[in-house]
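First, one chain by itself in structure tokens, the form predicted on its own.
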């Protein structure tokens, strides 16, 4: 607030690129936020779910031989994800396809909704991405033990390494396994947050007449890059999930 007031007094340019990530209640002003409070995050998470329902239920309702645009998009996304699961983790991983496809679509739609003007980038919050990553971690770990029993621990025992190095490598593998949900969530949240913050910075510079044309061109270029990043980050999160699932189904490979 002091910086903002100083900026107004001096007539300088003041902007706060991280303010766009503040969680605010939709109703009740600036009161405290509880677990049941409806916030801007809640709104855009719900809109992401509704958008997915609209695409896959209403958009494909006719199931025409000559598909409509919405049906074509749904079929391409479905086929792309199915092939990814089958190629990376094998045919026995296809039973987990509904879960993986739901993850992919939720992250993809949330990322793109976050690029709309006046929207909220829900996947920029670690609280959101951490829940997704922890769900993947727990699911993969449970599947690994249910399917392989104690044999799942062979994932951490590098049998191809010299015997003297195997205990050390086992500790390293164990640590890296438990770090998975951290890296899985921060990679997605950090990339989305960084891109939106950079766009906000250049948007602030657009208010200065001398640099306005350069700032507008920069925003356009960054926005185009963020369109690519939104899709790539959804893909990266999903394919890492599939790789982790492959480890759980085939720990000895």
Partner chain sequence: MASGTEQTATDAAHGAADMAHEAGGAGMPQLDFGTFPNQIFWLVVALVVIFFVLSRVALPRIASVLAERQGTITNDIAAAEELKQKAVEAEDAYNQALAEARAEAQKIAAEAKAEIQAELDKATAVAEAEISAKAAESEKAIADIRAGAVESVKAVAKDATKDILGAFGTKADAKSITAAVTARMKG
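Keep in mind that this is a model prediction, so the values were computed, not measured. Positions refer to the first chain, counted from 1.
This protein has a second form, the form predicted in complex with the partner chain, left out of what is shown; the following refers to that one.
For the options 217, 208, 228, 57, the residue carrying a heavy atom within 4.5 angstroms of the partner chain in the predicted bound form is 57.
Distance criterion of 4.5 Å from any heavy atom to the partner chain in the predicted bound form singles out 139 from the list 154, 148, 119, 139. Here the chain stands alone, but in the predicted bound form its contact with the partner chain, taken as any heavy atom within 4.5 Å, falls in 100 to 108 among 100 to 108, 85 to 93, 179 to 187, 158 to 166. For residue 18, a non-hydrogen atom is located within 4.5 Å of the partner chain in the predicted bound form, even though that partner is not displayed.
Remark: residue 63 counts among the residues lining the partner chain in the predicted bound form, judged by a heavy atom distance of 4.5 Å or less. Contact check for residue 143: no non-hydrogen atom falls within 4.5 Å of the partner chain in the predicted bound form.
The partner chain in the predicted bound form is not approached by residue 236, whose heavy atoms all lie more than 4.5 angstroms from it. Contacts with the partner chain in the predicted bound form, taken as any heavy atom within 4.5 Å, map within 30 to 62 to 33, 34, 35, 36, 37, 38, 39, 41, 42, 45, 49, 52, 53, 56, 57, 60, 61.
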